[in-house]
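First, one chain by itself: the form predicted on its own, in structure tokens.
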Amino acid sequence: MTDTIAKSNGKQPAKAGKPSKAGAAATWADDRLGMAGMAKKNLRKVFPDHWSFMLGEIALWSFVVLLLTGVFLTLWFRPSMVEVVYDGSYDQLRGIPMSEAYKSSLDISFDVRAGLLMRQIHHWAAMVFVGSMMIHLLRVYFTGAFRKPRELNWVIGCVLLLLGTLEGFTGYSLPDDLLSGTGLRAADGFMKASPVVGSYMSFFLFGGEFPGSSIIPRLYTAHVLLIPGLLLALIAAHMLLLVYHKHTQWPGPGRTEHNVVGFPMLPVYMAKAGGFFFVVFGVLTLMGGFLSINPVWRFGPYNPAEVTAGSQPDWYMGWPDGALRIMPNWETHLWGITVSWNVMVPILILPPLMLMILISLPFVEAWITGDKREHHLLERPRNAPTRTAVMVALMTFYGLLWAAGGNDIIATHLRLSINQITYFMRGAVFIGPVIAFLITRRWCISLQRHDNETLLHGYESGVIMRDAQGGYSERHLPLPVARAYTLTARDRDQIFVPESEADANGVASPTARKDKVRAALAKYWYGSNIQKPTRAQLEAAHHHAEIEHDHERALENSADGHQFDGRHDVSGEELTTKH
């Protein structure tokens, strides 16, 4: 009927609005992939805001810078150990035989436009990538962000730290200069320290007797393809789990275990993250432009008969090198086989053991405490004294080994005996972590006591009061509500208590011994913690404070009519106040 009327009036029926080409393409993709609903949900996802969360972003953006600069370097670098004679721009090495890999590194540094800048940005980005991952991991641990349901993300983070370290080692070994060749020679010795299979592993990796002819091409493949692929996959999994579990947040008014208070991904968070990427890129560019790093032309090409004086690996490889330097010269000879404990323990046993300890921390804590709840609110490190002390002890162990890796530099610069430094470090790596653990634990407990005192009696106002008897005291004011909420927004510790060792029929529990050990560990884990004040304690403290305040006001208006304001006493004499 409508069409007939329209035709009879000489008019065509109105057509529906035609979608744009972009809209049509989006509709076509959504009909087949169903991504519109998922994108709408995730693009409005809320992320909390705190400066400590940027540590993970620094790691992410420095990895992006690594990829961008790595693509540039890949276009010019030649991963070949074929010997050539250098005839480039650097006069001091002209006419010197060297590998094609080292020659291409010199060409990138001196003959490719912006090549040296890209090399140095790439190297600095690698340093920042590993360092920011390590600090981000510490932030996650100290704040309890690794607890259920984020244990798997913690494991992924630990593996990312390992892969980042291996990626850095393969990267600075590629130029085939004397310093990187010294590191490869050390790696060859580490492999050969493996009983029975060590020499076979070395021949397979190097393509024959060291240095062989295959190590640079194989390291190049691992550096630009294998390890970056694993890093990309794990970073993607890390981010997906972050979105799935929602981001942790610091406690505060309006923040609970069941919500997230912050900014949506679009447009606020995405704009901030994009701006932060350019900040990271800019800082790395400034570092690459003004701070020299890895000047391979100063080291010369690798020669197995030479070694660089005072050679040091990149900082993240320094701690196993330190363990190697202070390890006693222990060896065992069994059935014609030499077991080199002096190399196996610091290089082949200690690093995997440290990684396993790091990975197991969330699971060990969950088993000791019996805590199976989900946690989305972060904890202040002081509220978990034993957990904080454990990580500080591990950091002390790491730091002492890292310092031991430069024992020769310390000896020459401070004019000390390298033997005395070595003996000191041997004892310090065992005693230092214990001392650090005890001090940190007691320090955290003292800070807990201070928080409780502040909650009960308020903060120091700086106003000095004088009573009728001539004594002086300082007025305390109650905390702001938001601050008090933050200090009390934590659960009370629930210490694991084992069940009876036998049931009603006298049959011993099969887990009685394990439960007894677990209960002892839980008691030590939580035993000295200072619990937050109860509601009754807070109300009593506030009631007492109100009575004192009324009494002070009465004293102010007394004393011959002179009002006391905290700055002058009744005779007008000025008192000392705190600032």
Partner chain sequence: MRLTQKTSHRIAGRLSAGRRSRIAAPLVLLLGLLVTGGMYAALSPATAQTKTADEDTVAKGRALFLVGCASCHGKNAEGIQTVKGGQYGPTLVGVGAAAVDFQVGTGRMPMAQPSTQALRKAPVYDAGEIEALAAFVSSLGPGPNVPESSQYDVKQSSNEDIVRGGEFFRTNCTACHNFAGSGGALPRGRFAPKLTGVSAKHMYEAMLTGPQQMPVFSDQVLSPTDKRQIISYLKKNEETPAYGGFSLGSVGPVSEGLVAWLVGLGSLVGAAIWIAANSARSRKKAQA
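Residue numbers count along the first chain shown, from 1. Model, not experiment: these values are computed from the prediction.
Below, we refer to the form predicted in complex with the partner chain, which is not included among the displayed structures.
- Here is the short version: of 229, 427, 352, 289, the single residue with a heavy atom within 4.5 Å of the partner chain in the predicted complex is 289.
- Proximity to the partner chain in the predicted complex, defined as a heavy atom within 4.5 Å, singles out one entry of 84, 127, 368, 234, which is 127.
- At a distance of at most 4.5 angstroms from the partner chain in the predicted complex, all three residues 92, 131 and 300 contribute at least one non-hydrogen atom.
- Using a 4.5 angstroms threshold between heavy atoms, residue 268 counts as touching the partner chain in the predicted complex.
- The partner chain in the predicted complex comes within 4.5 Å of a heavy atom belonging to residue 49.
- Within this chain, residue 54 lines the site of the partner chain in the predicted complex, having a heavy atom no more than 4.5 Å away.
- The partner chain is not drawn, but in the predicted complex it has a heavy atom within 4.5 Å of residue 406.
- Here the chain stands by itself, but in the predicted complex one stretch of 152-160, 352-360, 436-444, 281-289, 281-289, has heavy atoms within 4.5 Å of the partner chain.
- Residues of 410-440 lying near the partner chain in the predicted complex, listed in sequence order, are 411, 412, 413, 415, 416, 417, 418, 419, 420, 423, the criterion being any heavy atom within 4.5 Å.
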